[in-house]
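Read the single chain below, which is given as structure tokens and is the form predicted alone.
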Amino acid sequence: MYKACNMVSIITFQSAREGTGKSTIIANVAALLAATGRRVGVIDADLSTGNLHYLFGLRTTAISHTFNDYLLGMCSALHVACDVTPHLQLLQAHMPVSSESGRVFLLPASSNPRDFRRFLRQDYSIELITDGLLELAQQLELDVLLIDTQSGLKDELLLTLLSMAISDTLTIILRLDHGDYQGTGVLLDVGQTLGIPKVRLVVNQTASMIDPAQARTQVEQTYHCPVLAVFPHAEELAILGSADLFVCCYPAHPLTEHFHSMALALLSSVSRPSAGDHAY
């Protein structure tokens, strides 16, 4: 099993099925971590969809290299990294304490289905995920690297397992849906087998009539695993879709406070403390 270097904390996100809101949570948490002065890397390793860049206002036409290209040896990881920090200016204006040193670097995946099919047909070097991403973290002086993997364990199995194996923390997103329960148990078993230091759960899209405290207790007792956050369903988020970052568009919304809480919970995995931590 590979371990991350001490200079960067790697957090991989997984879910048993699609539609859990995994990418939305990653993007919004990344923005809030940057608002406290962290240098954050975000990798869209869900090559089957390739849509994380939309949340950061990055047009497909503005992307010259993708994470797909990097895995196929067509460019360096540094050439893929896009600084999407300017998209967070609205968020910075609403933060009680913020730091201009915070940055978000996104490594987007291709949204072209042909590129995904080409990836499935070709081999890539394991070192691109292990040593390669750690080298990128050093080059960009990252505090934390967030990896969005494909939901479940299917087409991108090797890529998903490698991403999990180099992680300090595996964060599994689930809904209170019977279809998610069994798959989440499988992911927990995989995380334990890989020896990932921390495995955490996030409950998303809960109905308004469900008490968050009871939901947290229920899930923690079911899986014997800590729950980082419980996110209620929000109509505004459903309407916004993947068009933008929720925390930037609705900085005073109650759901944004839930994103704040989750970012705070994840700060324990970030190597370098920041004076902006008390902003939450």
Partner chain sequence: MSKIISVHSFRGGTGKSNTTANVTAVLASQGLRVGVVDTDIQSPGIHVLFGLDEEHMTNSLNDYLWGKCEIKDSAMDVTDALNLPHTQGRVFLIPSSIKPGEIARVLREGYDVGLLNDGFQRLLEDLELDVLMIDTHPGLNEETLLSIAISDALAIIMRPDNQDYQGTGVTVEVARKLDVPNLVLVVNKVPQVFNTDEVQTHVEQTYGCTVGAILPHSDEMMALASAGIFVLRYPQHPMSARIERLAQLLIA
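Numbering follows the first chain given and starts at 1. As the structure is a computational prediction, the values presented were derived from the model and not from experiment.
There is also a form predicted together with the partner chain; it is not shown, and the following applies to it.
- Message: I need to confirm a contact call. Of I63, L228, L240, A215, which residue comes within 4.5 Å of the partner chain in the predicted bound form, counting heavy atoms only?
- Response: Result of the distance check: L240.
- Message: When the partner chain is placed as it is in the predicted bound form, are M74, L78 and Q122 each within 4.5 Å of it, taking any non-hydrogen atom of the residue?
- Response: Per the other structure, none of M74, L78 and Q122 touch the partner chain.
- Query: Do V40 and the partner chain share at least one heavy atom pair within 4.5 Å in the predicted bound form?
  - Reply: No, no contact at 4.5 Å.
- Message: Can you tell me if V247 lies within 4.5 angstroms of the partner chain in the predicted bound form, counting non-hydrogen atoms only?
- Response: Result no; V247 lies far from the partner chain in the predicted bound form.
- Query: Is R17 close enough to the partner chain in the predicted bound form to count, meaning some heavy atom within 4.5 Å?
  - Reply: Looking in the predicted bound form, residue contacts with the partner chain include R17, since a heavy atom lies within 4.5 Å.
- Message: Within 4.5 Å, heavy atoms only: does L55 come near the partner chain in the predicted bound form?
- Response: So L55 counts as contacting the partner chain.
- Query: Heavy atoms within 4.5 Å of the partner chain in the predicted bound form: which stretch among 179 to 187, 163 to 171, 130 to 138, 195 to 203?
  - Reply: Flagged stretch: 179 to 187.
- Query: Does anything in 24 to 55 come within 4.5 Å of the partner chain in the predicted bound form by heavy atoms, and if so which residues, in order?
  - Reply: Going through 24 to 55 in order - heavy atoms within 4.5 Å of the partner chain in the predicted bound form - the hits are T24, T49, N51, Y54, L55.
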